Ligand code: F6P
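The form predicted alone is given below as one chain in structure tokens.
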């Protein structure tokens, strides 16, 4: 076997930290670049061959010797399967498991002999995201018979047991510690040249979107009066727009729809989701519309008449202007970026992503992928009768503005 074009990637980290999302991202990315890659997931084998109680927390207690022995057998099964894959025509094997103990990582290192191995540790302590990720995991059939609350408590206890044996990466020959939410490398140690390393590293710090549908909420009563901010519901026309969107996307599978926490976005998303099977609506405060402070609920005409200093100051530099008591495009940038990271983190690799947002928010989301000049961002066209389809990969960037009426 020629080891110059072979690589073993072993994921590391506590459950719900994004290891499988990153593993899938790596596989899709490398395969698109002509590098034969496959994931070997311990959890898949455990669910296939393990006893029913393998879903319960006590199965992961370090003192549960029989369960520990079973999990070691599963790990060896995947190691052997990945070795066979690499001995044939496979180039990259991704071992998707917690691998949090030094003992397990040493087993991996020894099993592959002279084949290069790199460990990627996913870290993320954002409590909101971890809770959302746990909730996603416990909705699988594995936890049938438990309420969502019981299943989440059970899963959290599983994580606590893993913490007892968790030894972060430190002494391994090749490793990357990755902030899996923010796509940021916190530490890397590479002692020798590794196949495909430049590609892999570039992937880990890049936001890749296979298909993002960016929607603006339907018409609201505030829109009719040209008022900004607030929490206005949809008009009958706005609900009709949402139904047209639902029909337009009814033949697509959209597992998750991310929205702001505002009524108009959630209402639009709920109508779209009614045309789907099992589509989950996930409100994120990061996608809330720009806070216009003392101008909330006012029309632009009222601002010009009653607060001319605000109106003309903002007009001179719309991107950098911050509403008194509120925010501006410039101060939204960090939270919008975090919202995008959350949506990508909570979405499985390759699935359709939909965001139902607001005009200013969607402008900022577009600028995240488009790299528009700051002064141009507040003028990006975001209509209510069209939507953006975004593809942003290492090889292709596509931004299409599409109509969604039945005639189109």
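Worth saying up front: this structure is predicted, and the values here are computed from it rather than measured. Positions refer to the first chain, counted from 1.
Keep in mind that the form predicted together with 6-O-phosphono-beta-D-fructofuranose (F6P) is not shown, yet the notes after this line are about it.
The three residues 216, 227 and 289 all sit with a heavy atom within 4.5 Å of 6-O-phosphono-beta-D-fructofuranose (F6P) in the predicted bound form. Distance criterion of 4.5 Å from any heavy atom to 6-O-phosphono-beta-D-fructofuranose (F6P) in the predicted bound form singles out 314 from the list 105, 314, 262, 71.
Proximity to 6-O-phosphono-beta-D-fructofuranose (F6P) in the predicted bound form, defined as a heavy atom within 4.5 Å, holds among 360, 346, 55, 67 only for 360. The stretch in contact with 6-O-phosphono-beta-D-fructofuranose (F6P) in the predicted bound form, judged by heavy atoms within 4.5 Å, is 227-235, chosen from 132-140, 244-252, 154-162, 227-235. Not displayed here, 6-O-phosphono-beta-D-fructofuranose (F6P) is kept clear of residue 197 by more than 4.5 Å at the level of heavy atoms in the predicted bound form. Contact annotation for residue 318: at least one heavy atom lies within 4.5 Å of 6-O-phosphono-beta-D-fructofuranose (F6P) in the predicted bound form. Not displayed here, 6-O-phosphono-beta-D-fructofuranose (F6P) is approached by residue 378 to within 4.5 Å at the level of heavy atoms in the predicted bound form. Though the partner is left out of this view, residue 119 does not reach within 4.5 Å of 6-O-phosphono-beta-D-fructofuranose (F6P) in the predicted bound form, counting heavy atoms only.
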